[in-house]
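Shown next as structure tokens: one chain only, the form predicted on its own.
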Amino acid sequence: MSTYKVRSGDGRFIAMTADEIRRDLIEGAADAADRGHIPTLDDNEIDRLVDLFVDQAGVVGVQMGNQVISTQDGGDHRINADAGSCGLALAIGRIQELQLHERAFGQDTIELGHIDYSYKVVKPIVAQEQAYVENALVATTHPLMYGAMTNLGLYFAPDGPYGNPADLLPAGRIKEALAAQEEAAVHAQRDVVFVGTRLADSGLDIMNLDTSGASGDADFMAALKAAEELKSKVPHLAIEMGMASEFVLGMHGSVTYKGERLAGMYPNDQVRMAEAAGVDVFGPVVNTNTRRSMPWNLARAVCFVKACVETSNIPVHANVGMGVGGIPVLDTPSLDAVSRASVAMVEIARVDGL
């Protein structure tokens, strides 16, 4: 029986038969359906995914006319940064990086951001970032985003003024741990709004609240409330919200937004909260399991994102990159994996962008 080269969740090439690919696709979609209480993929959708994996072309694509636009995060650090295993480490400035993304790489939007990529860190240097925004707007044409994380973790000791729940919870100091998260969320919301309003004064087009919920449900709440406040103060500023995980971790467990508990929400519920906060573009995340095949991971991701799209009244730009959206965990994702995941998200999940 013929075998086909596909990726494992950790990025290795493995050999699978068409029947094995189909089995993993069905199991991956079923896992998402069970966890999210959403419909699984139908036979026609599974057939299309099988076709993508048995096609041994290095790169696959959608038919002409079915392309979607792209947004990004951390975009202006991919060229001059070096993470040890990825990044080009070229000696060029941030503005020039944006120009390359716009004019050479074919990006539909461009994103500016501080290398630390957290709003808490940007707050004391916001004047410098305003200057970068103004210069970037003069030097480029595409819609300009500014991205960073709410990153509630930076507000806990030893980096911030509030007690660290990671220390308080094991010590049985439950009330103190909950209070620390609530207080930190208020502080983070204030910082995001401070930065957002000032960058909007400099002409910023889009604010990217990236990796929302990275520190759990209080982190997600802070991002939602910051988005709501920003839209009330700067209505013309578009807001994109990208998630940190498919599942909102209940690090607090009881925080709510618009009367709904945030802990445990999957993408189809997360997008409802984002929409209620006034977010303009939502980026769902589905995490990759390195122990399973890419077919299993991609079917699972597509199932979650399809339900998110069907729920949403705002554009959905699925996160498709290193370790999310069905992509194997590689610092620099391979084109064979990225192209298959992109086609599946467009043709089956019906995303508005990637």
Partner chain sequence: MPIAHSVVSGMGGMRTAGDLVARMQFTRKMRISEAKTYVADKLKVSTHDLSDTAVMRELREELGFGVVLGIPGDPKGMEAKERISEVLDIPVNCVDRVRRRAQERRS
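Since we're looking at a predicted model, the values are computed, not measured. Residue numbers count along the first chain shown, from 1.
From this point on, the text means the form predicted in complex with its partner chain, which you will not see here.
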**Study point:** in the predicted complex, N313 touching its partner chain (heavy atom, 4.5 Å)
**Key:** yes
Review point. Is there any non-hydrogen atom of V59 lying within 4.5 Å of its partner chain in the predicted complex?
Key: yes
Exercise for review: State yes or no: in the predicted complex, is some non-hydrogen atom of P333 no more than 4.5 angstroms from a non-hydrogen atom of its partner chain?
Suggested key: yes
Point to revise | in the predicted complex, A30 touching its partner chain (heavy atom, 4.5 Å) | key: no
Revision key, fill the gap. The listed residue (G259, G106, P158, G172) that reaches within 4.5 Å of its partner chain in the predicted complex by any heavy atom is G106
Point to revise | its partner chain in the predicted complex: contacted by all of T40, V248 and N287, heavy atom 4.5 Å | key: no
**Study point:** Option from 248-256, 221-229, 120-128, 272-280 whose residues, in the predicted complex, bring a heavy atom within 4.5 Å of its partner chain
**Key:** 272-280
Study note, to complete from the structure: Of the residues spanning 227-266, the ones with some heavy atom within 4.5 Å of its partner chain in the predicted complex are H236, L237, A238, E240
